[in-house]
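In structure tokens, the next block holds one chain alone, the form predicted alone.
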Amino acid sequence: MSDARRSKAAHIRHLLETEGDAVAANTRGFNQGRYDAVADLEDYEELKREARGIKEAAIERLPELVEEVTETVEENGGTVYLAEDAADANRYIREVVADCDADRLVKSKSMTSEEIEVNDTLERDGVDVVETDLGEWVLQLADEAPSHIVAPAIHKSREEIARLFEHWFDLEEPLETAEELTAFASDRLGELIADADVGMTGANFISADSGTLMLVTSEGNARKTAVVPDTHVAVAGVEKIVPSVEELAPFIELLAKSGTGQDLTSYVSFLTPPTASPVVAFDDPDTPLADREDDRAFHLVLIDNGRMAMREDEHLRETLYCIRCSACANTCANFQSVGGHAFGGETYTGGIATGWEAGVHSYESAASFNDLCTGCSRCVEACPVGIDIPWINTVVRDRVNRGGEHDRFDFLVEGLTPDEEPGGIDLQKRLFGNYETLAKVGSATAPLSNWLAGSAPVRRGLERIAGVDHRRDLPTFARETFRDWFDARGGSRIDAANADREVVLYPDVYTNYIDVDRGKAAVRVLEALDVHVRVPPVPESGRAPLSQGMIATADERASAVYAALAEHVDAGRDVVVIEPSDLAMFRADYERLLPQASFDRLNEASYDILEYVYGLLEHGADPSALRTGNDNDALAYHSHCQQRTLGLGGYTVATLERLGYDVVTSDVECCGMAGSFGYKREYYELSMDVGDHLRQQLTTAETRDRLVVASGTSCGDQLESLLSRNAHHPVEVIDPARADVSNPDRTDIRSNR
């Protein structure tokens, strides 16, 4: 294994051990809070569409809005500075602070100020910079970077914070409870704010028409920071501007609900600086406010730092729609286990961080954690403005791949891999991205290939050269492929002329070369419902290369798949897919890869196998033709993450229950395997940690004796590793030819009829 992989594995293992429990408890709490909070909204999806529309329009008009807000703020009596980059912003802020002859600057939480590292700049000038957000203050004392966009100290336990306070302050008594810690911090920070010369805030939004800043906090420290000192500096990225105050309404609804599951945060402040409130003068309490002649100053520092270039980038542009709520991080299974100290770059953390880091820092910063996005797509559903975060991550991965250093063996690898990628791409990614080729060779040479794959020297070589973890069982290739079996039986046993429906059953790589039995089960299930089945030669969907950031190869595969299926779609045949990740290609990812008309046609013609069965039963097909749960057979079902994002998980449960099965469904959003992710040496421990949440659900008194059922290949592989029990595709459960399922540990669920 390379030093880089070994180092990354050790870093992840360390974070799992030291920060994992606190991050998991907090992010899962926020995520559940989001579900509960948005459930109370009458039309959540419409609100999201409205918010996205506002951001799309604002970014489209961004140069115009920058000019407008500049004029407005200056008319209000403030000053606007458009900073080209971090150095430019810091130079201007240093001048402002120096002009004030300031000894202390107090700050409210601002990721943009973290981005430009203003604290370090001012501290080098001898300025006492004090964070006033409790979490940020804790990190300042601990000399650590934030691990979460909204809750920066999410990785720290109450006990750790108590020890930190005890280390830094001369406490009369140890602080133990959260209330005691918060009260102490509030008193201490209040004293520091009272003596500050300059206050610095960020801005959640800025309205161009009035120059109003919207500040969202839980502690009220932002408004104190803005109005207690007589000089206020607001630092914000240019993307924070919206045309008017009225357009802030949907974001007020969405921000707290998406981030922490609160209906509203404790403080939502609207300030139009310079604020009209009198300056707080603690050293002059006897002068009436009416007699005071306060002279407030306000500086709005708008940061470009790569954002205007992101606006011109068709793939990174969506990043600018981000409202920094952290919903993508909270819903991400990998983030829930390791937090932003692994799943983050120089400043930003979580799924959307890849776009930010690539845009404002570097691709090198984004590359350090980009692979932790497994493309499960759960974050797309969680994002209040519907950003396609997995696609941004894929694009960045592709660009990182293309910036790789060429190896002297590239010519050999390129000769063996039929992909569209240049030299320099990581061998591990190239191996998994060309899995179809590997499966073809493995099947054609089985059982020798399976014997070799299980031998110790080969496993050691795979781990050393390609980073394939030796603890994972490798798939066993079938000598007779699914298509060969189908052709050998003479095709479909339901005559097309007399069939109720006619389908093309898509032979995905796993079904065709490895789990042939689930393909056979799918054929028998469809034929039992009077469906004529075709299994034509269709190439791999492109899912494997896309997951490795090999977009050109995925694009070529998408075109080949459409070319193979177009005649069937033209003939009115339905396309039925067994593997959810391949269906997600047809229904979502292909929109990025195919002409719109081609995507629309394939999208409309494609179905998940259990979704299709559900539809047939709803339209009068005879359920008794299928294997029913006559004895109330007990199942424990885990739905694939992309299947859930597509809104299809419910069809499987409904079909199984209609057929008489007693189904318990896991509510864990990810199994942790995510295709090739769990096979990679550097991510094995993380994958197992994510999966442990699922293992716990399926080993309770209610679930441990049930037959384990999973829709996705990767889910099934992970479940078998976690539970040491067989996991079956739901279409195998309802296969009319299968054997008894009363014993969940049996292996005879599959039939070779």
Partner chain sequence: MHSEHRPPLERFTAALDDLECGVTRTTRSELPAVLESVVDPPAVGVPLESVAADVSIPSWIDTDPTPATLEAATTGVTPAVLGIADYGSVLIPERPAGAEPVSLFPDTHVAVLEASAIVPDVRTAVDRLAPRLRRGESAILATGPSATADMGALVRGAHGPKHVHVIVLEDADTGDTGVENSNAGDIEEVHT
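Since the model is a prediction, treat every value here as computed from it, not as a measurement. Numbering follows the first chain given and starts at 1.
Here the subject shifts to the form predicted together with its partner chain, a form of this protein not shown in this document.
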Stretch from 93-101, 622-630, 374-382, 133-141 whose residues place a heavy atom within 4.5 Å of its partner chain in the model of the complex: 133-141
Its partner chain contact in the model of the complex: S326, any heavy atom under 4.5 Å: no
Contact label in the model of the complex: D40 to its partner chain, heavy atom within 4.5 Å: yes
Its partner chain contact in the model of the complex: P278, any heavy atom under 4.5 Å: yes
E253, heavy atom within 4.5 angstroms of its partner chain in the model of the complex: yes
T182, T445, S362, S455 - the one with a heavy atom within 4.5 Å of its partner chain in the model of the complex: T182
Contact assignment for its partner chain in the model of the complex, among R681, K257, H232, R557, heavy atom within 4.5 Å: K257
Residues within 4.5 Å of its partner chain in the model of the complex, restricted to 254-280 and counted by heavy atom: K257, D263, L264, T265, S266, Y267, V268, S269, F270, L271, T272, T275, A276, S277, P278, V280
